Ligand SMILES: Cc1cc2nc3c(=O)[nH]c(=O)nc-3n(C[C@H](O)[C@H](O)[C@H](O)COP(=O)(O)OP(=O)(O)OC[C@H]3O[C@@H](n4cnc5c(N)ncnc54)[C@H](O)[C@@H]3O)c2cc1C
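Single chain ahead, written as structure tokens, the form predicted on its own.
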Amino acid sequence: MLETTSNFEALAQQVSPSTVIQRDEPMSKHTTLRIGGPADVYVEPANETDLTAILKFCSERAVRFFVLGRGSNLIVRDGGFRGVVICLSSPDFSRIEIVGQRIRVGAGAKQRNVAVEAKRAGLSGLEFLEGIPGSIGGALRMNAGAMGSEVFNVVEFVRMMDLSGKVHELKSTEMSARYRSCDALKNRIALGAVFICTPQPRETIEARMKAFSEQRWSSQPAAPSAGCMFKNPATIPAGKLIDELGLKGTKIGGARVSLEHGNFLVNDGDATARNVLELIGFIVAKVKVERGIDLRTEVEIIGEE
């Protein structure tokens, strides 16, 4: 554990001055739900060399680490995270490069920025990313999807680092991606990807993105949330299921089931992680009793009580 100043300083000495490193950083500042206690250490490596050094440090000292995207699809418990939180948000990890019909993107790039750059280049296939809050690294790890599309529908290659610091590149067909999961990234860190797109008139792409945006904001809450909270069961969308059970508007503390979409739990301003987790438990139990369905969370839950 990073409980002493000496350990914190030891990690700081392993990375370049360009790497951002903070102690006792509130994770509420880094999650879209705006909840979460402090991480022992929060670090934004400046480049792959520094990322390798951080992984080596954690391995040698048996320190836990967690790789954070832009904080969507994530709940951090109120006690925070005992270990190192790594966020690949530096410019070196956030590049977007257009090469013909392909877009080479760093893991730290925002999904919306990638969609906008593709539109500017007249490249179609990534319009669905426009309204998804999060990074490309998180989208790859979760095989993020919306509007009938998924990330791995358009991925050609993924560049990744294993936990020893070695870099690999795999074709999308080798990644074992499925609904909201990617086996190849369970024990590896996504560094970036190459997307293959289809040329289309910019006006056509822009119109599609506008339609997606209007559809999204007419049916999803503006209040802070983690995105869709539950995976869709095989027989019925989770949001529809929650709506049919009359659970919209249900509150525990500052956490509430959205009135706009039943699969979103929102922070009314003073929610704690405990509030959200208790509301999740209530919904899961209600669905099991009323419909016999085992509702499972889509979000990742980390940290201490």
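Quick caveat: nothing in here was measured; it's all calculated off a predicted structure. Heads up: residue numbers just count along the shown sequence, starting at 1.
Keep in mind that the form predicted in complex with the ligand is missing from the display, and what follows is about it.
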Notebook entry, point to check: Ok, 190, 76, 118, 105: which has a heavy atom sitting within 4.5 Å of the ligand in the predicted bound form?
Noted result: 190
Notebook entry, point to check: Can all three of 21, 46 and 91 be found with a heavy atom no more than 4.5 Å from the ligand in the predicted bound form?
Noted result: no
Margin query: Just to confirm the contact call: exactly one of 170-178, 193-201, 76-84, 226-234 touches the ligand in the predicted bound form at a 4.5 Å heavy atom cutoff, so which is it?
Written below: 226-234
Check: Is residue 68 one of the residues lying within 4.5 Å of the ligand in the predicted bound form, judged by heavy atom distances?
Finding: yes
Margin query: I'd like to know if residue 305 sits close to the ligand in the predicted bound form, meaning any non-hydrogen atom pair within 4.5 angstroms.
Written below: no
Check: So in the predicted bound form, does residue 250 come within 4.5 Å of the ligand, heavy atom to heavy atom?
Finding: no
Notebook entry, point to check: residue 52 near the ligand in the predicted bound form, any heavy atom under 4.5 Å?
Noted result: no
Checklist line | Stretch 109-142: residues contacting the ligand in the predicted bound form, 4.5 Å heavy atom cut-off | finding: 111, 131, 132, 133, 134, 135, 137, 138, 139, 141, 142
